[in-house]
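Before any questions on binding or motion, here is one chain by itself as structure tokens, the form predicted on its own.
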């Protein structure tokens, strides 16, 4: 079945597939919002009438989600016994989630079709103003689905990458709000007192978003502290993640692939300079 992306993406509202004034105005507004807030949401990017098909696709692949549970601080680093217990580097929280790897989104996948749509990546690149912008070559990680269930959530953290591009597909019955404190740190200033204040409950400059199915979010999370509040109810939360990188042909490490997706492919071993006969799943 050939998928026509324009049937899914609301190109009347978001004319990203054609040059012209409307696209230029849209991009200018996006750039301003990202510069100011570090976060831009395109409400109803996917047509509401087609959301059910994305939910069905997510339901089909959810069984392949790899679940992992750990405790982490906002920086994904090890404990620092030389620092006070209240320091952000020493504040650890439970983190639980599941990711469906990219190789479950094949030729009949709507999400894969959006990612591969010739108009999509240039639009995202232009919005972010990134000079180096390439599709992620990792066969487990270019298009993935985050699956979160009751009790799951993402505690406060900074991303290890500069930006994320996500599509909301289904919300849990309650919880799952996206909260962020924009521009809390910089490349030259970690602002630990400011981070500690948020961790201690200061919400004075925290923005709360309730993303709805079909919303496309572009978020600069390396310098903005953020979290997803715990979920409740029997309905899982589905969010698709579209991944781009700064170097062509890039794939993840074997350690990261195993942690996030529960398995390692020969390409991960080869790129890491390891022997494929050492690959054990």
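Numbering follows the first chain given and starts at 1. No experiment lies behind these values; they were computed from the predicted model shown.
One more form of this protein, predicted in complex with a small molecule, exists but is not displayed; see below.
Novice: Only one of 115, 154, 180, 163 has a non-hydrogen atom within 4.5 angstroms of the small molecule in the model of the complex; which is it?
Specialist: Looking at the other structure, the residue within range turns out to be 154.
Novice: Scan 251, 216, 245, 228 and let me know which has any heavy atom within 4.5 Å of the small molecule in the model of the complex.
Specialist: Going through each option in turn, the one that passes is 228.
Novice: Quick one: find which of 105 to 113, 155 to 163, 77 to 85, 119 to 127 has residues within 4.5 Å of the small molecule in the model of the complex by heavy atom distance.
Specialist: Heavy atoms within 4.5 Å of the small molecule in the model of the complex occur in 155 to 163.
Novice: Taking 4.5 angstroms as the cut-off for heavy atoms, does residue 146 touch the small molecule in the model of the complex?
Specialist: Heavy-atom contact with the small molecule at 4.5 Å: present for residue 146.
Novice: Looking at the partner-bound form in the model of the complex, is residue 90 within 4.5 Å of the small molecule by any heavy atom?
Specialist: Residue 90: no, not in contact with the small molecule in the model of the complex.
Novice: Taking heavy atoms and a 4.5 Å cut-off, does residue 205 contact the small molecule in the model of the complex?
Specialist: No, residue 205 sits far enough from the small molecule in the model of the complex that none of its heavy atoms falls within 4.5 Å.
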